[in-house]
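Only one chain is shown below, in structure tokens, and it's the form predicted alone.
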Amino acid sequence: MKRTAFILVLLIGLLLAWAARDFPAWGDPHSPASSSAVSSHFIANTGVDTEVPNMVTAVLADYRGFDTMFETVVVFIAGLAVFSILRGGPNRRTRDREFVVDFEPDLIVTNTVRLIVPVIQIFALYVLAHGHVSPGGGFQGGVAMGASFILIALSWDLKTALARFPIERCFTVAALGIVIYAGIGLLSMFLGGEFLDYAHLAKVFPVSPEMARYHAMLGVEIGVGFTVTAIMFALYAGLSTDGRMRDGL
């Protein structure tokens, strides 16, 4: 079985490497992505339309914000699906564990983690909050924040991590992130615009339409960060315990 899997991976890798020969050269100004009318429009108008210096965030959270919202919904649904499959009901078959190790958390590891987890979480908030002006955003910040809770589970145990972020709260926070994202879009509609047309938020905030789009993108990133953080930790908790939500790695 392992040999078959290795051969399949090798063949797929060779196929991808062969297909990569058709890619344009790195930084080629005449590549389809660089020379298309859409790319030219974004390059010329992003700063004017949104006051956001990070063109990537402007495209993801504003120009194609509808698509990004449903990417966040997909993350939420995937987390629910995996968790539901793992839980599986009363007749679920659980895998046999060959080794059951009872250990005390290492003093050096736990004290090191106790020092670095706040730093990771502060950095995650920084990445989230500055995603519309520098590299980062809700997905990146959410991954870093979720990783901090996973690090707690690996250093102590899953019970300790769940005491700080219970699994029920995970899905509440994940759903809240989608509500925040969609709520900003609905508020735009109530103010006379289209769904996720952030410029109309200037009617209730004392800023220009361009700055309204700038600030709305921060709210959108916060919603994405909530969902990604919660689902990432929930997936780890479920997968590491085969849905039992105890013991773990």
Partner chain sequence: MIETIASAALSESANSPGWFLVHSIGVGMGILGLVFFLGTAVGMVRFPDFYTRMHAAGKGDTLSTMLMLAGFGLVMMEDFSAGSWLLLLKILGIVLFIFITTPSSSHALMRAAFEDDEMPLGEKDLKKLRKRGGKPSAR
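Residue numbers count along the first chain shown, from 1. Not measured: the values here are computed from a predicted model.
Another form exists, predicted in complex with the partner chain; not displayed. Remarks below refer to it.
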query	finding
4.5 Å heavy atom contact, Ala163 and the partner chain in the predicted complex	no
Exercise: Val74 in contact with the partner chain in the predicted complex, heavy atom 4.5 Å	no
Touches the partner chain in the predicted complex: Leu125 (any heavy atom, 4.5 Å)	no
Touches the partner chain in the predicted complex: Glu168 (any heavy atom, 4.5 Å)	no
Listed residue that, although the partner chain is not shown, lies within 4.5 Å of it in the predicted complex (heavy atoms), from Ile85, Ala78, Ile116, Ala175	Ile116
